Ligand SMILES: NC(=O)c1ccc[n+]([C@@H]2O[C@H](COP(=O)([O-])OP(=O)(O)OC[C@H]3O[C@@H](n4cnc5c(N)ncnc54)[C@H](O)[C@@H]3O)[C@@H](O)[C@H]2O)c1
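First, one chain by itself in structure tokens, the form predicted alone.
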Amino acid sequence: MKILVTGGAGYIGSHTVLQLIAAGHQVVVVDDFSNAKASVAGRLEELSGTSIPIHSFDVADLDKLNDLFDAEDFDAVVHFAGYKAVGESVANPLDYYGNNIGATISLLQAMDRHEVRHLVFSSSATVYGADPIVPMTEGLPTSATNPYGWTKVMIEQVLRDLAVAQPDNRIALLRYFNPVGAHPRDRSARTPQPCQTT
């Protein structure tokens, strides 16, 4: 499969890129490097032993996304791109809502235009709110205590609504604490299991 990984130069994204390549997939990365170092690109190629196309632009830029989708025949998308600091989201809520939700909407529009129907979204355990029931299951109600968490809750709802409107879409929402590679199962080149699939 040819897979677009948004935010693929970030910590979790870069680990996922390596796992996908190890599993035999072709990977293309989009990252604006607001949460990653440019040196990650070279390191990814060094560790994977392969050339990885990396495009530096904001996923919210629909024109550039459409150009990329026009040039590549993607089978699926793994979406990590977004701001991620809880404290910063409290201080700058408009930045977080605009960036995280706006980028996701642009991505979904580009995917729809190019009939790419497979998406894995990097959500967060923050969607379980301040006092989650343990063990956490995907059937629990969602809420949040900060703008970062609310962007994840809202994006999950957008994706559920999209799955209803377009039932041929296959969308997985991953909620987790640890990044890929942190568990021995992940180090054997198996991909993480989704906490919720619509």
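Don't overthink the numbering: it's just position in the shown sequence, from 1. Quantities reported herein were computed from a predicted structural model and do not represent experimental measurements.
The form predicted in complex with the ligand exists for this protein as well; it is not shown, and the discussion that follows is about that form.
Undergrad: Just give me the single entry in 62, 153, 140, 36 that has a non-hydrogen atom within 4.5 angstroms of the ligand in the predicted bound form.
TA: Residue within 4.5 Å of the partner: 36.
Undergrad: Can you tell me whether residue 12 touches the ligand? I mean in the predicted bound form, with a 4.5 angstroms heavy atom cut-off.
TA: Heavy-atom contact with the ligand at 4.5 Å: present for residue 12.
Undergrad: Would residue 123 count as touching the ligand in the predicted bound form under a 4.5 Å heavy atom rule?
TA: Contact check for residue 123: yes, within 4.5 Å of the ligand in the predicted bound form.
Undergrad: Quick check on residue 103: any heavy atom within 4.5 Å of the ligand in the predicted bound form?
TA: Flag for residue 103 set to yes.
Undergrad: Give a yes/no on whether residue 99 approaches the ligand to within 4.5 Å in the predicted bound form, heavy atoms considered.
TA: Output for residue 99 is yes: heavy atoms within 4.5 Å of the ligand.
Undergrad: Which is the contacting stretch out of 159 to 167, 41 to 49, 132 to 140, 26 to 34, given heavy atoms within 4.5 Å of the ligand in the predicted bound form?
TA: Careful reading of the contacts points to 26 to 34.
Undergrad: Out of 81 to 116, which residues reach within 4.5 Å of the ligand in the predicted bound form, heavy atoms considered?
TA: Those in contact are 81, 82, 83, 84, 99, 103.
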